[in-house]
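We begin with a single chain expressed as structure tokens, specifically the form predicted on its own.
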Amino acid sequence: AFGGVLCAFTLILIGVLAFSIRLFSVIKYESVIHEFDPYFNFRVTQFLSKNGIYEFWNWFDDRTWYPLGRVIGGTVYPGLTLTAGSIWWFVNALNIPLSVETVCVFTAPIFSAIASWATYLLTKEAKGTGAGLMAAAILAMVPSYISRSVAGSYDNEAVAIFALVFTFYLYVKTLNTGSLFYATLNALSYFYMVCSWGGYTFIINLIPMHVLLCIVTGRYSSRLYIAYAPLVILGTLLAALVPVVGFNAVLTSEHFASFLVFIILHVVAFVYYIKGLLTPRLFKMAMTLVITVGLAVCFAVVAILVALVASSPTKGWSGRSLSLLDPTYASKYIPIIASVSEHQPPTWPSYFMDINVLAFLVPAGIISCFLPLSDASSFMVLYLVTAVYFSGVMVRLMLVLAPAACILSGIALSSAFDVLTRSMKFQLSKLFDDGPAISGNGSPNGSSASTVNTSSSKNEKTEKSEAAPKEKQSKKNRRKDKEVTESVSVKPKKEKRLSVLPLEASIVSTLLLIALGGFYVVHCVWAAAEAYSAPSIVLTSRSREGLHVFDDFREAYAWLSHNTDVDDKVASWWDYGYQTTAMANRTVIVDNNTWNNTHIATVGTAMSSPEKAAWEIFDSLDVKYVLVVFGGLVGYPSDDINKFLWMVRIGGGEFPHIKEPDYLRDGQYRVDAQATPTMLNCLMYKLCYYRFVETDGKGFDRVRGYEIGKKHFKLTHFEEVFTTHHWMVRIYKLKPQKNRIRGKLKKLKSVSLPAY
């Protein structure tokens, strides 16, 4: 009972740690939504809380993707929005006056604590309570998860990681117990994951891989059938209820592996069932029939799948899935996917930054999973291997690797501390008393490693007490006892022999592991406080004068909100679409949903074109204002000049007259005097560098590191209406078309009016 209370108290502390370590952004800055996508989620949650669930499902948003618009209810994963909306309704029902924004800001830290508890449950099913507590504590602080779950990071991953880990827990729980109740809960948890994040395809492919692994390695059981079959049937039916997924749950290639393994599982189950009914001779005959029919069915299914896949240009796979299978696919065929920074492959330092010392503990955790190997531990190893591969393709999927690394590291640390504490206990007991006998070749002074049998001293005492009566037994009984003792003497050889280390080595190793954990904690706190707490909407930098705050984004959006008409259309690169709609409440041409490549290519073409051609494109889209982000004055590297080549590539993919080599000088991207005429005359260059020479008299770009090429020029079709304090956001207005009416008025003036 005391152990259960202590475990519960530890889990509460872990939850508090997971929640509190993510509050640096609120403490250091303010309670504000971060990044770009969260602003759309916040706007949708506001609409849901104000208008209700039915209006949400039928909401057509005419402020995005003008003039096309967007059906919100059918194009979003609603899990995050419905979760935050439910929390808001619940707290307001309790008369707790929290705003929707406050609930959205703190949703991610709350679910981080719950995800830590889910990690405890999953690891406990595989390797026990100690490993579960260790894994939960590690996950609560891991920087990779913190980067997507700080207060204000209101994105789908905020709740999806909990759903991912909890679905895996219910699968392993069903695998260990064979309970249909847990299998049903597993399908419901998978449904919540489908509602929350497009990464649900990772689950519906990883679990079939594990089922197939169990079948191939001869570990099939009825528990495996119960764990998998209801998940495929119920999970697929529930997934089809999510509007954004719909019939894709049975028509896209991402789901075909689960159906194929489902068929294989039933064939294997049928074989085992027949084997239990027939004699060996009849079983061989039946096996021949089953294999023949099974191969025919498999060929038919494969033929149907091949036909379905061949009818699709992308072979039934989505662009992001193909990018995972072939890392070069996006850069070759879909530049809009390759242009996203989080879709780039990670660098080696990013692994140390995001998982830190866990990279060194994971191999030890893999070894521990094989001692002994079970269905649950084999699933952990498979989860880690697949997550490592996908994280190497996209830096965003480091988030999927984080739970696996934490679980394996928790198992490694738990096993290590188990061996070290047992060794210290054994060696100390040997110093103060006789202690248990040492088996093997261990020396009496404990200077070398030894092994200890798992049989307890209590059993040894009972064996000694029973030794005397055995001497008085008859010959017949002695013969029986001799056979029993011989069989018993064989058992210790099969028993697990626990390694015992020398006392000095155990103490030193324990201190080193504690120091390693301390280093991990310090790194995690630093990452949470400095690296991942700053919201992208508000930027800071330190200099000799102190802390500088750059609030240019909100300054620009506030200007748009207060100085433009409600129906005005604003054009910008798609990165800033969500923020413009949510914070300025203005209609945008493209946004971060990136569902229409042609529309984005049109904006990219306008930015890449000369001023007059760009004006014509924007005028055809009813655009009144153009917004660009420029970091050349303050050294902000994520500006539109650095993103410009992606605009050229995406625009050139749809409009062939835009060619990337026209903007490069000898293969190099330059904006100085060596830049090409096409580059110096495009709209993006002019909007960013207009009047820039007035700042220092030279036009020195601090991001690119040199003076710009074209310094003095005028705009003929656009006029500057607002530039923020640090020149980070610049807003231009399209000039009206030069009057053809003016010529007509001159003619009218030259004609004298008739006298009456």
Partner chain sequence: AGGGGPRSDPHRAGFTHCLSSKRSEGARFVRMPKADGDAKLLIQSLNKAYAATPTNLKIIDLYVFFAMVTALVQVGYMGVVGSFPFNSFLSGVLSCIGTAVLAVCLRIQVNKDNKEFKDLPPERAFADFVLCNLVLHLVIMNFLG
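Just so it is clear, the model here is predicted, and its values are computed rather than measured. Numbering follows the first chain given and starts at 1.
Quick note: we don't show the form predicted in complex with its partner chain, though the next part is all about it.
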Verify the contact flag for Arg422: yes if a non-hydrogen atom of it lies within 4.5 Å of a non-hydrogen atom of its partner chain in the predicted complex, no if not. no
Given that the partner is absent here, does Met285 sit within 4.5 Å of its partner chain in the predicted complex, heavy atoms only? yes
Give a yes/no on whether Trp559 approaches its partner chain to within 4.5 Å in the predicted complex, heavy atoms considered. no
So in the predicted complex, is its partner chain close enough to Val250 to count as touching (4.5 Å, heavy atoms)? yes
Only one of 503-511, 603-611, 352-360, 182-190 gets a heavy atom within 4.5 Å of its partner chain in the predicted complex; which is it? 182-190
Counting any non-hydrogen atom inside 4.5 Å, which residue from Arg670, Lys643, Lys659, Arg223 sits next to its partner chain in the predicted complex? Arg223
The one residue among Phe90, Phe370, Tyr273, Trp348 placing a heavy atom within 4.5 Å of its partner chain in the predicted complex is Tyr273
Going by its partner chain in the predicted complex, which residues of 266-280 come within 4.5 Å of it through any heavy atom? His266, Tyr273, Ile274, Leu277, Leu278
